[in-house]
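Below sits a lone chain in structure tokens, taken as the form predicted on its own.
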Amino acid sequence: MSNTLHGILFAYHSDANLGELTRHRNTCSLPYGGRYRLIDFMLSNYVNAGIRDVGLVVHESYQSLLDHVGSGKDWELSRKHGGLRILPPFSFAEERSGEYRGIMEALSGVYSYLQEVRQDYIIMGCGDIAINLDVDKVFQQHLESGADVTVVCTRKMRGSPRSSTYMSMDDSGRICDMSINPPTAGGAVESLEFYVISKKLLLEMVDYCAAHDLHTFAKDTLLPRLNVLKVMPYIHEGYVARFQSVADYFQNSEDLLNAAVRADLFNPARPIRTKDMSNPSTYYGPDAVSANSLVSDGCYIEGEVINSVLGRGVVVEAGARVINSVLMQGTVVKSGASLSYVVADKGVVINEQRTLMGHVTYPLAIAKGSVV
């Protein structure tokens, strides 16, 4: 496959609906599951399928993302020829402020890179979804079906309707209609916005969209051509996590406490790779309690941790209680503090005897580096 399929990942979006969690970072660099970032999942999916050339399209607030992926060494993408390429908007005409309006505009911004792609086919999608996708099967179905475009979809409606696209199929299984950002979910499947397409057809589409000031792929490119192009769905039956609000982030993190979800998302046959931090093992004090929780390496636990996800280097002092919460790297919960339904970003300090409480539908998000 490495000779015929090229990977493009879009990492230019910072979702304002995630509030404090994306104030200083791109959505794709959002920590998840204690030791991972969202970008890890699709990068790993590409590498697991033998893809050795990946273009990462960025625009704003991507310093955290660059710090994490580096040269791509941890994904075996650090190469003299090909490998991981970071694609900032240097060739994009800044006629307006803000990020790209859609992936066709993003592709236009990296057009010279697309022209140099060596492979005949391209898989492209967003790096802000947690999924263990069998890219080999997606590509095989694309070739066998004779599709012009294959869209990765799920029957499990995971996204907010106003930020999602829904597909309907005819009797032959071909996509015949699309509902884009409707008020309520509708259609047989939800698009995960991953596409397989030939390089030749994609370049033609980018040229057309640039000439007509069109910027989205689903609405401006696919929908008007459903009668002309053969657009086929690939139905992903496994777990999918989408991140479109703080409540989404909290619930998706809590999902990882389910063994079946972990087994699907972290399938050892298709491992999810991340940046190697070489942290020491976690220390548990003699009176520490840890129940139904994911605790990353490098933590120091002397208090109580229940139904929670802890990132690397988290400290929970004696007498502190962390329940139904997500604490990112380097968070410190001091003695006597109590947390419930809290999402704490990196480097947060919760002082002694503080009580913080959110709700399962409205978790309390604490900004990076805050002292409470």
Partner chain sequence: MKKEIVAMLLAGGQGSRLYALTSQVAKPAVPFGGKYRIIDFPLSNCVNSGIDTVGVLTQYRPLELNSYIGSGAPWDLDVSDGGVHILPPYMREGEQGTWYKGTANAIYQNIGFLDMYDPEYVVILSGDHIYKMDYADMLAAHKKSGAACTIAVLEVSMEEAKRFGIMNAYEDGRIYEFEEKPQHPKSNLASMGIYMFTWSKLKEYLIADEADPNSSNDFGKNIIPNLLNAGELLMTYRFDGYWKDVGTIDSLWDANMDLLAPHSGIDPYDPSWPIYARTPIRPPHVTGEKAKVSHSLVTGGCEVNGTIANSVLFHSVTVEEGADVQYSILMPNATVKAGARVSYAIIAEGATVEAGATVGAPPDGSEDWGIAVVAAGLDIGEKAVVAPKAMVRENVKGGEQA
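What you are looking at is a predicted structure, and each value in this text was computed from that prediction instead of being measured. Residue numbers count along the first chain shown, from 1.
The same protein also has a form predicted in complex with the partner chain, omitted here; what follows describes it.
Checklist entry - Which of 276, 120, 213, 116 has a heavy atom within 4.5 Å of the partner chain in the predicted bound form? => result Looking at 276, 120, 213, 116 one by one, just 276 meets the 4.5 Å heavy-atom criterion.
Checklist entry - Among 167, 218, 197, 294, which has any heavy atom within 4.5 Å of the partner chain in the predicted bound form? => result The option sitting close enough to the partner is 294.
Next on the checklist: in the predicted bound form, is there a heavy atom of the partner chain that lies within 4.5 Å of any heavy atom of residue 73, even though the partner is absent here?
Outcome noted: Result yes; residue 73 sits at the interface with the partner chain in the predicted bound form.
Checklist entry - So, in the predicted bound form, is residue 85 in contact with the partner chain at a 4.5 angstroms heavy atom limit? => result Heavy-atom contact with the partner chain at 4.5 Å: absent for residue 85.
Checklist entry - Is residue 31 a contact residue for the partner chain in the predicted bound form, using a 4.5 Å heavy atom cut-off? => result Judged by the heavy-atom cut-off of 4.5 Å, residue 31 is well away from the partner chain in the predicted bound form.
Checklist entry - Do residue 285 and the partner chain come within 4.5 Å of each other in the predicted bound form, heavy atoms counted? => result Close contact exists here: in the predicted bound form, residue 285 approaches the partner chain to within 4.5 Å, heavy atoms only.
Checklist entry - Should the three residues 262, 290 and 300 be counted as contacting the partner chain in the predicted bound form, with contact defined as a heavy atom within 4.5 Å for each? => result Every listed residue reaches the partner chain in the predicted bound form, so yes.
Item to check | Heavy atom contact within 4.5 Å of the partner chain in the predicted bound form, the stretch among 334 to 342, 34 to 42, 320 to 328, 63 to 71 | outcome: Every other range fails; the passing one is 34 to 42.
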